[in-house]
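Shown next as structure tokens: one chain only, the form predicted alone.
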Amino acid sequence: MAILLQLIASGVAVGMIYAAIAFGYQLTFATSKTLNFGQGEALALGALFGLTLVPFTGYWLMIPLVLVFGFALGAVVERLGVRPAVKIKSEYGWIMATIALGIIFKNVAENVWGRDDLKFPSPLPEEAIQVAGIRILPMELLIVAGALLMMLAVEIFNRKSIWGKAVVATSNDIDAAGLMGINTQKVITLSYSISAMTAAFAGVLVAPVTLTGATMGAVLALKAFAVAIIGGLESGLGVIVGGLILGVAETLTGFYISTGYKDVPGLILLLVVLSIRPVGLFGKAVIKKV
């Protein structure tokens, strides 16, 4: 039982990273029905940019600067990759554009920071602590708390601020929002900025417990996309539940079966959900009237 609880605790930390990245997918899909397939590169650039700042600012003062960096990066992706495709009503143009920008960002990162993985200094002690008989790394607790606080902050922003309410209105009905005087183009740009900002923040959360490099976000972003599909691309709660399910399933499979099969449960779950409920566990099926 102690081992099982230990594995679940580790899986929760991993799952919350997936959820934080998937949350970014959910933000852009809700407003524009498009996704940024360069989320992994946004995560890596955020971590590498933070690594550059840490010696001068320390970990905690570095975070606001990384958030600003991620915010600006998302605006660039929307302006260069998404807006032209949406403007000409290209159904798949934004997919290739965001993938292309992601490749460009990865190449830039490799040329600036090199191809080798780098150690990110941890702001907390690296020795595990005992919590209810479970050994947990302090950074794992920070990952869970940081991801939840980030998603809570975005939710408060959506509920309390005028721009947040515009995001909600646009996600509910973009045409009606436009007719009511909301600048939906700026709202879509904002959603991409927040999306990349959450990915950059996830990067500096996970970097101290892993190695930092230009390719560190590729697998994380792919699994986060699976989480977004499993939970529902239009559900914030869905991405949290989906992230926890996938994270715990991976750690249990890696321990009880083999680390070589730890990616299999997520893929099986994805296929099952798509075959039974294509909108995701918490997604809402919409009936279109023609």
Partner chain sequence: MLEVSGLSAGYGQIEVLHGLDFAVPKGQVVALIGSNGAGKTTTMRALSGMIRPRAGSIRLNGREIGGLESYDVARFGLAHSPEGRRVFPTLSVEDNLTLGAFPRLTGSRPKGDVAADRDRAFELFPRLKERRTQLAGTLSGGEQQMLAMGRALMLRPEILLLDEPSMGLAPKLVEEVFRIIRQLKTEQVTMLLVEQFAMAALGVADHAYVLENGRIRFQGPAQQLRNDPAVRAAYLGGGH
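Positions refer to the first chain, counted from 1. Note that the coordinates shown come from a computational prediction; the quantities given were computed from them, not determined experimentally.
The same protein has a further form, the form predicted together with the partner chain, not shown here; the description that follows concerns it.
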item	value
In the predicted complex, the one of Leu149, Ala72, Leu211, Met180 near the partner chain [non-hydrogen atom within 4.5 angstroms]	Met180
Glu126, Asp173, Glu155, Asp116 - the one with a heavy atom within 4.5 Å of the partner chain in the predicted complex	Asp173
Partner contact for Ser193 in the predicted complex: the partner chain, 4.5 angstroms, heavy atom	no
Exercise: Ile188 in contact with the partner chain in the predicted complex, heavy atom 4.5 Å	no
Any non-hydrogen atom of Lys165 within 4.5 angstroms of the partner chain in the predicted complex	yes
Ala169: touches the partner chain in the predicted complex, heavy atom cutoff 4.5 angstroms	yes
Heavy atom contact within 4.5 Å of the partner chain in the predicted complex, the stretch among 157-165, 131-139, 117-125, 194-202	157-165
Heavy atom within 4.5 Å of the partner chain in the predicted complex - qualifying residues of 258-276	none
